[in-house]
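Just the one chain here, the form predicted on its own, laid out as structure tokens.
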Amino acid sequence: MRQFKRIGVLTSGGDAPGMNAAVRGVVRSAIAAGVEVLGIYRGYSGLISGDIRPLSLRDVSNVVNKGGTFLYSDRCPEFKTEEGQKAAIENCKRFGIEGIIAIGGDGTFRGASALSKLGIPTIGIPATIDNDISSTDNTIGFDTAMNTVIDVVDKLRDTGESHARCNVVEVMGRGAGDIALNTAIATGATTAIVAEFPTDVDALLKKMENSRALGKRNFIVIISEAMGSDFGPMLNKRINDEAQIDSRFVRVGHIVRGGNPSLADRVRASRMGIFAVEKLLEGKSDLVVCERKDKLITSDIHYALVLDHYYKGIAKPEDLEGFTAEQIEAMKAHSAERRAHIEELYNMGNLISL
């Protein structure tokens, strides 16, 4: 086991509710192990510029319930350069940082892997509302984002029922339809439209017309932003013009990123923060924490990034070089399991909706 005197913690990329709870878990578990913790503000930008300050037990009081990240975040193209990485390593030496916990998405993990290869042991924690990191079942912020969508849609349904109206609601999720699929089921939406499955708009309009004939007054259609910015307004117009149902388009946008984290995200973030510190103090590096069937495990960051590409169908042959046949087969099996889960949600939503 490697002996650490001081480690750093940062949040990077898009903010996600629960990031503060993860930082709290890191700080308190590290200090309990006799290790000092420095907060690296503004992600990799702060590591390059030296925006680094000590974090005490009291510095992470009353943050577990707050959204966003009190360490702030930034997207840092400079860190992708040799000069930026050199500056970051120099600041690690200057501040005595012997290891780092990096909280964020896939871009954050690429940065963490770079640090590990440059001699600073680093562990990544998955935090993104989109739940689009394939190596983990759930990411920090995903549950809160879904609950925020539910709250918005429930309010829209109230006015939709009053006026016999449809609301076409576009939700965030980047390239993944996880938020849209789950919230469509939870809100009783007519359908979820996601990039993972083909959409028959004519059939949807017919379904809505039939439901209206059966006495249904309000409709909710939830769309993943992966469908493109023009899809929602186009569908909304067709519902108005062709189905003859008064319809309004709502783009929820960054509201989904904010708000106090849910119980699930507070607990998940705390567990992941503590687990990441344990692995770092064991001398592990270049790993990402993953939740699989409610258990925490670690995955090699490079493997996790390639697995993500494999699942999304964008892996190139050269990406798989260096992996054993067994590892590639494991990627295939994991991707198939994840796709089956998404398909189950999609079919379930369509089965019980009107």
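Since we're looking at a predicted model, the values are computed, not measured. All residue numbers refer to positions in the sequence shown, first residue = 1.
Just so you know, the form predicted in complex with adenosine-5'-diphosphate exists too; it's not on screen, but the next bit is about it.
Each of G14, C76 and R110 places at least one heavy atom within 4.5 Å of adenosine-5'-diphosphate in the predicted bound form. Taking the partner from elsewhere, G105 is found to have a heavy atom lying within 4.5 Å of adenosine-5'-diphosphate in the predicted bound form. Contact check for Q85: a non-hydrogen atom falls within 4.5 Å of adenosine-5'-diphosphate in the predicted bound form. Not displayed here, adenosine-5'-diphosphate is kept clear of R251 by more than 4.5 Å at the level of heavy atoms in the predicted bound form. In the predicted bound form, adenosine-5'-diphosphate stays beyond 4.5 Å of every heavy atom belonging to K237. The partner is absent here; in the predicted bound form, the one residue of K80, R217, K206, K117 having a heavy atom within 4.5 Å of adenosine-5'-diphosphate is K80. Residues placing heavy atoms within 4.5 Å of adenosine-5'-diphosphate in the predicted bound form fall in a single listed stretch, namely 5-13, out of 342-350, 5-13, 21-29, 326-334. Contacts with adenosine-5'-diphosphate in the predicted bound form, taken as any heavy atom within 4.5 Å, map within 18-56 to Y44 alone.
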